[in-house]
Ligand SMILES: Nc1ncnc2c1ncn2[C@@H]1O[C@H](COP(=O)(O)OP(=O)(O)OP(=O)(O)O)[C@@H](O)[C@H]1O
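Just the one chain here, laid out as structure tokens, in the form predicted alone.
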Amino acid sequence: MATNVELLTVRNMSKRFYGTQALDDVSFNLAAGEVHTVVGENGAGKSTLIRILGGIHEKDSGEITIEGTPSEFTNPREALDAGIVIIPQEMQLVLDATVAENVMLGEIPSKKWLGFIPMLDRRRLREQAGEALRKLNYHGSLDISVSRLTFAERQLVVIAKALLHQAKIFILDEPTASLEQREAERLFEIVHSLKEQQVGIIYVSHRLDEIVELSDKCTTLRDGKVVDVSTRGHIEKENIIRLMTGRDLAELHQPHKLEFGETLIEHDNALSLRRGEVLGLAGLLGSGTTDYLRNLFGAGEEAVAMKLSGNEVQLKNPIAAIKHGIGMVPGERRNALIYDLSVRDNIVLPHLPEVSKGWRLDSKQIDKLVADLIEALDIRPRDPKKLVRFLSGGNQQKVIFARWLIGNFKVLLLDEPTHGIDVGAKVRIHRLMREFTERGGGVLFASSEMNEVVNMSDNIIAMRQGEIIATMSRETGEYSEGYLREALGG
């Protein structure tokens, strides 16, 4: 149970980046033994808040106190010395070093050989690392390299390291984004264990189910401002969505149709995607869904043979796939975007021949095309010259979608299309998928979030170890999240 000891207090904090007010008079507090979740759409100010608390950014105004003492951080080391540690999505570990060595980095124990030559005290290193990891119920080897650990096990190493630094405020940034359900549940046990040790936890996530489950307190940000602070018992998903977006999201409950047009893709007698259909490709992490989609896009190691609208074709590379009307949104945005190019250039990149006059690009045609897409997809900011690296994850995803709305594309392959984006952006992506099928296209999308697959798909195919093992149709009685979990062994 949380105590009333106030670990952290933020008063009237503001931060501006150039023309953007990232935080606007934000106040926030955290008690010992409390999980205080932070929610908001991409660009709402969550990342700015936690980076200021972690010493990555400096605030423009406001006050931070740690256990009643005013504090200022100009770098992460100062924040760590004050007891604050961020557990980021991209964990900074030495992959070739052992588990014990990673836990003890910065605090490596030494001893004197022959009374005066300093050397590593490996026995104490293993003892101290082992003690920290035992508090987190880690039972693996201390001597294997971190590169051999799962993502969830690496999280334990980072948390154990923070405990050794006497951290009393943990900031968990999207900690379950790369975890399967069982691993996520294990992480929740760790969170409860940290609470019992009177650690205060700031927890940032787009997954609203876990927000409701874990929160002792929940702060909602919108446009850099605090719009609500709720306590356990008063935290509800639908209300969070309204607070985050400022609107009701009826799009979450779209009806599904059972009649479709011609078959667009047939592959290996296992896959059949029809015009007007959203076909879900479900699999746990490591199931092979990403490789399967890459192969269909001609990006595998070998050319792939399939039928497109009844015609036999061989796709040797992505250029061939694009020429046949297939577009792909990969799971990792960096594989689809050139971050040093503008929104405009990223959108038209696959279509340069179509937007050219002779040897020159038709700038007027491009500008009109891109402006219409930015408006239609609500890409923010509405600045075609903005470098894509400065956009939020949800808006970067919209840029990738925009390029496949140019020309006559029949098929969209989507790999984890809503991974790491907020609920508002997720609804927009789902709407784009539906609009694509309403125009006569077909969508095949992979997601490791089973409820998303079940809710969005007209039909589902399940994959394990690179093989399609089951199908689910809304036309039959066997269409539920429970049935899908059973098929996947999850």
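Here the rigid core means the biggest group of C-alpha atoms that line up within 1.5 Å when the two forms are laid on top of each other. The first residue of the shown sequence is 1; numbering continues from there. Only a predicted model underlies this, so the values are computations on that prediction, with no experimental measurement involved.
Not on display, but discussed next: the form predicted in complex with this ligand.
Thinking of this ligand in the predicted complex, which stretch from 454-462, 65-73, 435-443, 44-52 has heavy atoms inside 4.5 Å of it?
Partner-contacting stretch among the options: 44-52.
Quick check on this chain: which one of Ser342, Ser392, Gln128, Thr290 has a heavy atom within 4.5 Å of this ligand in the predicted complex?
Partner contact (heavy atom, 4.5 Å) among the options: Ser392.
Could you spot which one of Gly261, Pro381, Gly140, Gly286 gets a heavy atom to within 4.5 Å of this ligand in the predicted complex?
Comparing distances to this ligand in the predicted complex, the residue within 4.5 Å is Pro381.
Although the partner isn't part of this model, could you tell me whether Lys168 comes within 4.5 Å of this ligand in the predicted complex, counting any heavy atom of the residue?
Heavy-atom contact with this ligand at 4.5 Å: absent for Lys168.
Do Lys161 and this ligand come within 4.5 Å of each other in the predicted complex, heavy atoms counted?
No, Lys161 is distant from the partner.
With a cut-off of 4.5 Å between heavy atoms, is Thr20 one of the residues that contacts this ligand in the predicted complex?
Yes, Thr20 lies within 4.5 Å of this ligand in the predicted complex.
Can any non-hydrogen atom of Glu174 be found within 4.5 angstroms of this ligand in the predicted complex?
Glu174: yes, in contact with this ligand in the predicted complex.
Which of the residues spanning 434-461 lie within 4.5 Å of this ligand in the predicted complex, based on heavy atoms?
Result: empty, none.
Determine whether the C-alpha of Ile379 shifts by 2 Å or more between this form and the one not shown once the rigid core is superposed.
It does shift by 2 Å or more.
If you line up the core, does Gly393 shift 2 angstroms or more at its C-alpha between this form and the one not shown?
Yes; Gly393 is a residue whose C-alpha shifts (by 2 Å or more) between this form and the one not shown when the cores are overlaid.
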